[in-house]
Structures are given as structure tokens and as C-alpha cells.
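Encoded as C-alpha cells, the following chain is the form predicted on its own, with no partner shown.
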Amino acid sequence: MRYRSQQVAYWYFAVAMLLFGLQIVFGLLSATKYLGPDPLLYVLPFDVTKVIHTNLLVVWVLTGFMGATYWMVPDESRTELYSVRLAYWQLALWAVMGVATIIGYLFRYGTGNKLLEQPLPSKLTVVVVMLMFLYNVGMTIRKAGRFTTSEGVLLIGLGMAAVLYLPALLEFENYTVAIFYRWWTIHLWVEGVWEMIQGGFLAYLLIRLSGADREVMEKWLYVIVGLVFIAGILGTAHHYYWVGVPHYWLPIGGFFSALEPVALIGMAMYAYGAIRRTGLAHPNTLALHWTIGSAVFTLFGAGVLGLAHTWPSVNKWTHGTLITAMHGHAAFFGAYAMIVMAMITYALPAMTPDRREEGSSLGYWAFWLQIGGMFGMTLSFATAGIGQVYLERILGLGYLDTQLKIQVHFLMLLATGGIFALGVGAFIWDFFRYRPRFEVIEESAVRAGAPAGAALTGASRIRAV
């Protein structure tokens, strides 16, 4: 660890891991409700467990983004964080908001607007937290007087994420209008500025893990920014099939949505080529697995499955079915969950020095179990969704009758979801099984070329924080 204030990242990562585990619990609980009698029907009905599951996803990923930023920005700017105290206050306020919101969902306290169910006090707290976060990061960069392109793209993405949350504060009496403007937050987050955030982290990791040239990586970031502003904004229209917009928006939305992951996979291909050409590789090979895996799975989940599902002639049949869950699970996992876990895996050896930097066997089991489990879940949702579309949308069978006929696919979903949960559990256990020791390395060791994420020993460590 090069800077003492980077220790803040550990506690953000710890909170994110706890929320990740809780999200998996509610996800499996939601899936079991498709299979028969529900003993928790009047305590935790499906609508409550699903709301908690999806909202925990958003909260833990954002928590991971914040922690990863607090690790990356001091390292890139070569300075201590502007205010460690402000970062801890931010984390405390964020955690309290998250717990209070989840408890509120248990008592049906929310807005009912999918993924934006947070009540107004929680939304205002989110705004305050984001302002604290952006101020702290911005002042750190200003204090350093050093501003890299990867930091710039990351900061633009975080700033735009905060700005695009503002439409969520508005309430509309007309449900169709509310759905229309909801996508200004949800789509432009997950298929717009969050991809800029992913691009910033991806560039940072590839530069350090693969020996890729910074100048080339930064050029890829410019491509990402361009695609986000063109493909991300225009791609919003693929959600508009049912809300009465002019017809010409539909093919525009479907086509540009599929272009969004192209730059990310291009970065990963370049990094892999750099490794093959130069032989340079960081010893933390597990972090490299998560990094390259994020780019590849993004192409699969967001790109291939997105194009297969969002083209208007297909989307008119699949909209609102389990095909949506197929695309959503694969895309979120590849683009955001995996990049957060990549940043965690890269940073952990410096904050838990007893850990092997190349990664443990448990860490590799966690990676492959999650990859295999998510791929199986994707297939389960796909087969169930195809059956649902044919029976319900084409043959005209009733919704409940259709659900009975596709239950076998939910058995497969639970089996593969269990494999994924084992992978998540292994990752969380691997995270917490080593005690954190925040030790700063000597500046001479940094100048000599020691990896910023390395857990150095002996004279290279100068003090525990």
C-alpha cells in the first residue's frame, strides 16, 4: 500500500461483500417462490424479496465503486486522500441509509418504481452521500495537481451517475410518463455512465496487471467515452417499445445498445496481446482473471444477449419476460460485479499482507464457480423465457398456467444459482479470512518499481497504520 489513506477502501469493500452475500440470499429466496407453496407468503412475499434483491445489487455495486475509487485515486494522483474522516462519515451514512431502506421495504415503505423504490428520505441521503464522495475525490485530485485520463473518465462517470439520479427524485401521476423518465436514470446508469466507471477501472487494472501501454489504454478510454455518449444515450430507446414513442426510435435503440461493450472488449484484447508480446504480467494473476473476465462476460451478457433480446422485432415478444432476467443477470455480473471483484482482488494483498499475491486456490474456485454458476443461470432464464414467450405470448396460455409448465427450468435455476452462491460464499470467506494490516511501503521501493498492489516484506514496510 503506497498511501495510508488507501485503507479506507478496505472498509467499503467489506460492506460491499456483506451486502453482496445478502443479495444472493434474497435472490435464491425469490427463485424458490416459483416452485410451489410458499410458507413465507405473508411474511416475505415475492414482491418484497425481489425488491430487496435488486436494490441490494445497486447498493453493493455502488459501495464497491466508492471503495475502488478510494483505492485508485490516491494511487493515480500520487497523494493521500483529501479527507479520510469525510470518507468514513460517508460510509456510515451510506450504510445507515441502506439498512433503513431495506427495513422499510419489509413494511412496504417505498415508491413502487422498479429499481428506484427508495423512499424520498433515502433518495435525498443518496444525493448527500454522492456530493460528499465527489467533493472528497475532486479535492484529492486538485491537491495532487496530477490528473490522468483514467481518473478523468472515472470522475466523469461518477459525476454523471450523481446527476442522472436527479430524475429519480421526481414523481409523476401518470405511470407511463414515470416509466419513460425512469429509464433516464436506470438505463443511462447501467448502460451509460456506469460503463465509463467500468472503463476507468479496467484501464487502471490493465495498465498495472498486463504491462499495457498507458497511452494506448487512454486512447481506448476516449473511444469508450464516445460510445457511451452516442450508443448509451441512443440505446435508451430500446426500452421504449411499450411507452408510446415514435416507431423510429425502436431500431435505433436496439442497434446502438449492442455497440456499448465493443470498446471494453477491445481494451481487453489489446491487454491480452500485450501480455503475449512482452511477457509482462503482474504476479496477481487472480486479479487478471477477474479483469479480463469482466470484459469478456460484458461482451456476452450486455453485447450478445442484449442484441438478441432488444431488437424490436424480438423485444415485442420478450419484453417483460424471463428473457429480460437472462440479459440483466449476465450483463450486471460481467460489467459491474466482476470489475468490483477485480479491484478488490488487486488491492487486497496490500491491505492483508498474509495473503498470497498470486491468489489462493479458494480464490480461483470462487472465480470459476461464479462464472459457471452465472452461465448456468443465464441458460436457465433463457430456456424458461423462450418457453414463456411461446406459451404465453404466442399460444395465449394464461400466466399462471405458463408458470406451471416452465417450473422445471426453475429447478435448473436453483441448482446453478446454488453453484453461483458457493462461488460468492468462497469469495467472501477468502476476503475476510485474513486480518487487515495497513502498512505503507517505502517511497524508494515504489521508485524501484515494486508493484503498487504488492504485499512487501521486511525492510520494504515502514509502519503499520
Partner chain sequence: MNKRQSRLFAVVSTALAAVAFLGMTVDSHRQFDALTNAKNITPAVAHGKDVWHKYNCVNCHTLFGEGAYYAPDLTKIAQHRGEAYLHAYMQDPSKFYDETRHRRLMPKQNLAENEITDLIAFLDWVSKVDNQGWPPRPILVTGASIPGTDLTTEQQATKAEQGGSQPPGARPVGSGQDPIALGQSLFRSVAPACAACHSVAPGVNMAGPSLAGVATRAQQHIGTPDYKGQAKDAAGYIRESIEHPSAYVVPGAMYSANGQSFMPATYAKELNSEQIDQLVAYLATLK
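Residue numbers count along the first chain shown, from 1. From a predicted model like this one, the values you see are computed outputs, not experimental measurements.
Missing here is the form predicted together with its partner chain; even so, the following discussion is about that form.
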- [ ] Taking 4.5 Å between heavy atoms as the contact cutoff, choose which of Pro121, Gly145, Gly273, Gly244 touches its partner chain in the model of the complex.
- [x] Gly244
Task: Contact assignment for its partner chain in the model of the complex, among Leu307, Val129, Met97, Ile233, heavy atom within 4.5 Å - done: Ile233
Open item on the list: If contact means a heavy atom within 4.5 Å, which one of 432-440, 56-64, 399-407, 418-426 is the stretch that engages its partner chain in the model of the complex?
Closed with: 399-407
Task: Touches its partner chain in the model of the complex: Leu250 (any heavy atom, 4.5 Å) - done: yes
- [ ] Mark Thr149 yes when one of its heavy atoms lies within 4.5 Å of a heavy atom of its partner chain in the model of the complex, and no otherwise.
- [x] yes
TODO: May I ask you to state whether Leu379 is within 4.5 Å of its partner chain in the model of the complex, using heavy atom distances?
DONE: no
Task: is_contact(Glu357, its partner chain) in the model of the complex, heavy atom dist at most 4.5 Å - done: no
Task: Contact at Gly36, Leu41 and His239 by its partner chain in the model of the complex, all three, heavy atom at most 4.5 Å - done: yes
Task: Within 4.5 Å of its partner chain in the model of the complex: residues from 153-177 (heavy atom criterion) - done: Glu171, Phe172, Glu173, Asn174, Tyr175, Thr176, Val177
